[in-house]
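Heads up, the chain below is alone and in the form predicted alone; it's given as structure tokens.
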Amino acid sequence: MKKFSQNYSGRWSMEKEMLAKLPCSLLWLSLICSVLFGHAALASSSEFELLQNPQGRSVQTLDGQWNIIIDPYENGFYNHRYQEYPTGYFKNKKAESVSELVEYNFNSGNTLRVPGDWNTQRDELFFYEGTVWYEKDFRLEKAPEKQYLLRFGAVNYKAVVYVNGEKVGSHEGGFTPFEFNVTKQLSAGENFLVVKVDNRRERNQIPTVNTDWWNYGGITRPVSLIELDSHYVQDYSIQYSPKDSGQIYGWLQAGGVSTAYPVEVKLQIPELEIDQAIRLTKSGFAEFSINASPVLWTPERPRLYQVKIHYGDDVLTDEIGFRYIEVKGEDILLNGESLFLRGISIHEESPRGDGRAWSNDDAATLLHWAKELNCNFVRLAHYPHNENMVKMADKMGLLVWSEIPVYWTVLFENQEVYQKAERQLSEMISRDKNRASIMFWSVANETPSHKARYRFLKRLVEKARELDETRLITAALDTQSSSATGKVIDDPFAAHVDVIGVNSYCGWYADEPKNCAGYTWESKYNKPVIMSEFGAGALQGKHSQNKLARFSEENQEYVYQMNLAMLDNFTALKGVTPWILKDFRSPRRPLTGIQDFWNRKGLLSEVGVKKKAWYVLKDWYDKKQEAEKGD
């Protein structure tokens, strides 16, 4: 039986061990550097030290209409010698006389909505891949004693950020947040922000050039300016363990630490009568363990507690659920109870059609559909979804599989590519480590089996466990071997995950649907298995009396019936997330009159109309739930 231990002290234990080996003079130098240069690391791409709970701070939104310039040749960034252009678009230059030549103008009337993708806002950008410059004017009542953090929920794919003409940093990766300390660059009164956004696909990116979803470009999640006190809570992790009759444990890290910083943080959970002062180290770090007996979070009863953190004059509030997860042989246990994961896969696409989803309303609609299907679990594929999705899952009682886009044939031999994957993994875990709904961190989807891939993914698993030992690690595999009666899970990488994900499209990409029901599955590993993908395409409203007719609702229904019959005989199976909740945009799907650049494997049409297969899966889930109650 694998049980996750309280490993929250690992980071500080390592720090103390290293410091203990330093001479006294170097020790004090180390502490002084920590104080003096604490914001220096924040000023570059934030990587692994994101501000926790940004919505709980004093926030000035920068969402709305932004001025734009479409720049496929990147003339605003480079001169004719392909060097960074010192008077490029990021300077937001205005002509001071009629004779002065300035060949761009952000105020020409072209705009895009932020958050939002550019593909669905302007017809000419539907297929566009390249650079678009964004510009936003804003006012700030700047206080001299405050710190200011500029935060982006996500920009796809590369962002270079300028404040008042000065470069403050860059970020790569289209689905994770990043932030910069811009206190020095901001002025009291009028300011402007320019962002160079580039969504071109490159071979050395995560994901790589070929994907089965739309490459939505733009500033796709909210942008905000966060005002912080000179001392503030930078980060925290608050978890639950059943050890010693129940403990709430974790750590906190203060920011803006100086010689005059408050030496204590107060942690309050009023409903549990917790009101505890926690003393900080000289580097502003603290760890804690408090005996407590909370009502544990479950899909049936998603109990969240108001948690308050007081630090000086700063009060930070979060809503956190407490539960624990473990594996025992081929079982997955939540709070010590075995459960079957009735799931569905979801892309981050608008429930009203196409376009990148991002809002609370989008999250509520998508996840309510999952609940209507009788799901207790969702796979948020194939990249970290927006924060509204995981927070809504917390509230609605849906367990979550969260994934990074290590997808298909990335350059597994390339160390730079590995670092990009690790950074995205770290940013995903950093942002969402306090969300009770997240059960799995997934490191890959459908990657080909070879030695370089094995080493690459093994390192990601080790990194995920280093960052968070309270959750299970998984990956979606499609490298099974065939046996005389079905399939055998024998991918050597499966030895390193806690729960094995399997993608298999029996009856759609291979074999006839009628044969699927008789197939068996075997595994070389004594571990739980989730069938992370299966399904078939269907154009909603297309019907046929021949259930083998491709893209008919009857064919999709038949494929589901045969696959579910197959899965009924799979003893290691502890969950399914069929592909997929709703139809979604994909440039790989050009079949005119049927696909029209939509992947049609959804149980719902692109606007939410149910197909026949929806009812097949819903009936199977209802029976699964009734059987569990009988047990």
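Residue numbers here begin at 1 and follow the sequence given. Please read these numbers as outputs of a predicted model, since none were measured by experiment.
Below, we refer to the form predicted together with a small molecule, which is not included among the displayed structures.
**Student:** Even though the small molecule is not shown here, does it sit in the predicted complex so that 71, 127 and 201 each have a heavy atom within 4.5 Å?
**Tutor:** Spot residues vs the small molecule: no contact at all.
**Student:** Within 4.5 Å of the small molecule in the predicted complex, heavy atoms considered, which of 382, 356, 196, 171?
**Tutor:** For this set of options, the contacting one is 382.
**Student:** Give me the residue from 166, 271, 326, 212 that has a heavy atom within 4.5 Å of the small molecule in the predicted complex.
**Tutor:** Flagged contact: 212.
**Student:** Mark residue 599 yes when one of its heavy atoms lies within 4.5 Å of a heavy atom of the small molecule in the predicted complex, and no otherwise.
**Tutor:** Yes - in the predicted complex, heavy atoms of residue 599 and the small molecule come within 4.5 Å of each other.
**Student:** Indicate whether residue 442 is a 4.5 Å heavy atom neighbour of the small molecule in the predicted complex.
**Tutor:** Outside the cut-off, so no.
**Student:** Quick check on residue 589: any heavy atom within 4.5 Å of the small molecule in the predicted complex?
**Tutor:** Close contact exists here: in the predicted complex, residue 589 approaches the small molecule to within 4.5 Å, heavy atoms only.
**Student:** Using a 4.5 angstroms cut-off on non-hydrogen atoms, would residue 369 count as touching the small molecule in the predicted complex?
**Tutor:** No, residue 369 is distant from the partner.
**Student:** Which of these stretches, 307 to 315, 178 to 186, 500 to 508, 248 to 256, has heavy atoms within 4.5 Å of the small molecule in the predicted complex?
**Tutor:** Of the options, only 500 to 508 has residues within 4.5 Å of the partner.
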